[in-house]
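A single chain comes next, written as structure tokens; it is the form predicted alone.
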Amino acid sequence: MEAPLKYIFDSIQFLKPEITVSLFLVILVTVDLILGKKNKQILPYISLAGLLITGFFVIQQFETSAFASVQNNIGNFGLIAVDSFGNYFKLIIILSSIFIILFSISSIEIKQAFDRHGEYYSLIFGMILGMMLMVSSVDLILIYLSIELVSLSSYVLAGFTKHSLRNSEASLKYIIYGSAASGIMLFGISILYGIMGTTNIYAINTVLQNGAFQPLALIISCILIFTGFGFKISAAPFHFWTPDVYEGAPIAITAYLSIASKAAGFALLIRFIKITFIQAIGSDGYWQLLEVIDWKSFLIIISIGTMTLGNFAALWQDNLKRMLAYSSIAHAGYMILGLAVFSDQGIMAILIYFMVYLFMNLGAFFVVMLIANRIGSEEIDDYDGLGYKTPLLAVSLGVFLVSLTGLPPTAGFIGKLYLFIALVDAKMIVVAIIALLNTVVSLYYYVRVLKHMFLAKPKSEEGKIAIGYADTVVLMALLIPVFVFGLYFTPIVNLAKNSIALLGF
């Protein structure tokens, strides 16, 4: 027993962020029990403190490369890989979580459930813990458990407010689709374990290198496992839950699912494909995958289908949350293309894209939430004349939508630019053209919102919509980076460049 205990104690230093999140989860539950049904205003500030401390530990570990967990019978491969790639996505998760806590303080939907704020913030920390494990997991069992931890928390959060039928419908649909995807994925994991005799993806790569496997069974198992990944990142045809859940869930939770959950899913997908199927990395940075599954063709098909479906479905939406849901599906399609390049440059493009996507997408949802707080609607027709009633919110939403389209001088342009550079360098010209045409389609439904805000007459004669100083500060914290990173993007590029290496490669 001494050796396993030694590995456990040695691993604790690499798990400081996860341990911190767990401790603050316990603190939130304890404080909520002590406070009872009143005086719960302190809970979001405890949450923010926990996230800042967690972020400090993540930054502290940024140059670390190590396995965390007990040594097993296949060698010194742990359950968790601590590397700069995982830490980059942990930063995205923490940063988006901080903004979501700030959103929640201002959200009327969340305020209406004041007596259940303890559960609300505890569930968010449960999601954070699950997502941080997702981005670092290198064992199929832990991958499944971490996905389930995220899913169970998000199922409840999606139906948290309970004040509308669509809220309950969102939660019910989410859990039905999620359970099906989870079961299919677990079946795929069981098949893969039966073929390989191990659940560690590094060890699976070793078995694949030796060629001792059944090709058909391997293909079936990987497709089934991809179902779970595809569900998390809202890739077609596993996207069906996204529009209904995004529309019915509280806006703060919708924004959270669109960034943090998607980021964790992408990190997991990238790690799974690269580590499990890599054969070598060329001097030009392109991956040479084992010829067992044609991942490139598969991902390109999924990507084109995802972005095309997302963009064209968004054209017909009259609810802004639903439109942003389909927009989120389309953006997932763009980012899958970065993975399909199978190069360090493609991964760097995804990392840059996610960082700028965080600010512009959270910003769009924040403005929608602030407007919904005042007018009680998310319908595009009710945005008529908002450019005159609330110029700051209308202009800010316009900037976020222009950035989501990918037009200069916003940060969204930089995200798309590096993605298209990676595609062109990989000689994927046709795919790049299809992605560019999809971007043109997206411009239509984003501009449609601007038309309603600035060119249509107000439906009512109500006065201007004002927002508080705290909300203005949060809005500026999202808006300013969209402009700054659109003009000076070197810090993000350098951070992404230093974060593309996975442990062992």
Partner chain sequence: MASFPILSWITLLPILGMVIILFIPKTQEKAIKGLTLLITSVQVILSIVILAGFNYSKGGVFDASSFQFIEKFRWIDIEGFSWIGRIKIDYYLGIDGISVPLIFLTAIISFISTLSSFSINKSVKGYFAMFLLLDTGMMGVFVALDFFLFYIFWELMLLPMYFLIGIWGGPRREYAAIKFFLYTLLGSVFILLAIIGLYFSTQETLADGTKVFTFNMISMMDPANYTATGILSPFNPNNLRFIAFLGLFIGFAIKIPMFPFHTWLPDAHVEAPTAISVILAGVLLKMGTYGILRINYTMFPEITKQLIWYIALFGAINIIYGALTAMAQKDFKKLIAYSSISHMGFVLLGMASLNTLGISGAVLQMFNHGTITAMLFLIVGVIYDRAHTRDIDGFGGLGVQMPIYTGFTTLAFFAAIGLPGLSGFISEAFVFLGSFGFESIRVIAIISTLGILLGAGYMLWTLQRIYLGKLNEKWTQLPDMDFREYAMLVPLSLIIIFLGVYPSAMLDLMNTSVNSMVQFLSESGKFLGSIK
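Numbering follows the first chain given and starts at 1. In this text, all values refer to a predicted model and were calculated from it rather than measured experimentally.
What follows is about the form predicted in complex with its partner chain, which we do not show.
Contact residue in the predicted complex, from Leu33, Ala49, Val440, Val473 (heavy atom within 4.5 Å of its partner chain): Exactly one residue meets the criterion: Val440.
Considering Phe213, Phe312, Phe298, Phe413, which brings a non-hydrogen atom within 4.5 Å of its partner chain in the predicted complex? By the 4.5 Å heavy-atom cutoff, the listed residue in contact is Phe413.
Quick one: which of 302 to 310, 340 to 348, 106 to 114, 270 to 278 gets within 4.5 Å of its partner chain in the predicted complex, going by heavy atoms? In short, 340 to 348.
Mark Ile293 yes when one of its heavy atoms lies within 4.5 Å of a heavy atom of its partner chain in the predicted complex, and no otherwise. Close contact is absent here: in the predicted complex, Ile293 is far from its partner chain, nothing within 4.5 Å, heavy atoms only.
In the predicted complex, Tyr45 touching its partner chain (heavy atom, 4.5 Å): Outside the cut-off, so no.
Do Leu455 and its partner chain share at least one heavy atom pair within 4.5 Å in the predicted complex? Although its partner chain is absent here, Leu455 would touch it in the predicted complex, with heavy atoms inside 4.5 Å.
Would you classify Ile480 as touching its partner chain in the predicted complex, given a 4.5 Å non-hydrogen atom cut-off? Contact check for Ile480: no, nothing within 4.5 Å of its partner chain in the predicted complex.
Note that its partner chain is not shown here; using its position in the predicted complex, name the residues of 419 to 444 with a heavy atom within 4.5 Å of it, in sequence order. Phe420, Ile421, Val424, Asp425, Lys427, Ile429, Ala432, Ile433, Leu436, Leu437, Thr439, Val440, Leu443, Tyr444, in sequence order.
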